[in-house]
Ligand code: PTJ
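Only one chain is shown below, in structure tokens, and it's the form predicted on its own.
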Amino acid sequence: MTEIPRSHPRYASLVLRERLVEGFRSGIVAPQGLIAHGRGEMFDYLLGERTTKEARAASRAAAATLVRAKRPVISVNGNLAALCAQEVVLLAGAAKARLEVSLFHRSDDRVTKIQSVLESSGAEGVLGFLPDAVLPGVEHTRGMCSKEGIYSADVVLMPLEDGDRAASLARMGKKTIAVDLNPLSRTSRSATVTIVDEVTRAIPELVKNVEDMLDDKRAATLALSRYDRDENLEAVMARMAANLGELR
């Protein structure tokens, strides 16, 4: 990676960019994923590049949803694997969730490489190479999934997901958890729980919350009772607008 001095005011953001560029060069990240990351950075600027109280509330509701699930699955794409593979594997272990590689721009080569990245981080039984089911209403290869994984899951965590698949999962009656920096996206507005935060901040926070709730049913119940997706998204947008006003 390009050497970036820690004194640089954009250090953390530039490190993430370098990880994605390396992921692109290694065949994990699609070129479109670089564009998607840049779009997300803009929303993170409006958040103040920090985890907000709204994101923390959503994370606790997401953790409660995961610990109550019977068949949780985490959907993994190239950007997620490039940015925080180890943290995702830790989350899967804590939540007893399966990992499934699910790609918008799918190729067997990319699936194999992402599986390898996850396995090198400690994952076992990663799904996605031989899809045997299709999400209803999602055309072409974007709808391909594993019957043992996403198709039969009761809860799907979908960081950095696209709106078509998020909407399809919702129509199938599954509970879905999104991590999306854009509070206006179809994904954000289709998910059961939406965490508006940068994914490398959101996943470690989610690991901590899942671990805290594993033996605390009351905490899980409380987290869900205090969370309303639409109210949370409205509060996030109000925060972004206020931050923008201050910058002006």
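All values reported here derive from a predicted model rather than from experimental measurement. Note that residue numbering follows the sequence shown and begins at 1.
Although not depicted, the form predicted in complex with the named molecule is the subject of the following passage.
Chemist: Is the named molecule in the predicted complex near all of Gly78, His105 and Val179, within 4.5 Å of a heavy atom of each?
Modeler: All of them do, each having a heavy atom within 4.5 Å of the partner.
Chemist: Could you tell me which one of Leu160, Val138, Ala170, Ala94 places a heavy atom within 4.5 Å of the named molecule in the predicted complex?
Modeler: Flagged contact: Leu160.
Chemist: So in the predicted complex, is the named molecule close enough to Ala82 to count as touching (4.5 Å, heavy atoms)?
Modeler: Ala82: no contact with the named molecule in the predicted complex.
Chemist: Examine Ser185 and determine whether its closest non-hydrogen atom to the named molecule in the predicted complex is within 4.5 angstroms.
Modeler: Within the cut-off, so yes.
Chemist: Using 4.5 Å between non-hydrogen atoms, is Arg189 touching the named molecule in the predicted complex?
Modeler: The answer is no: Arg189 has no heavy atom within 4.5 Å of the named molecule.
Chemist: Contact between Thr221 and the named molecule in the predicted complex at 4.5 Å, heavy atoms?
Modeler: Thr221: no contact with the named molecule in the predicted complex.
Chemist: Looking at 60 to 68, 45 to 53, 212 to 220, 196 to 204, which lies within 4.5 angstroms of the named molecule in the predicted complex, counting heavy atoms?
Modeler: After filtering at 4.5 Å, what remains is 196 to 204.
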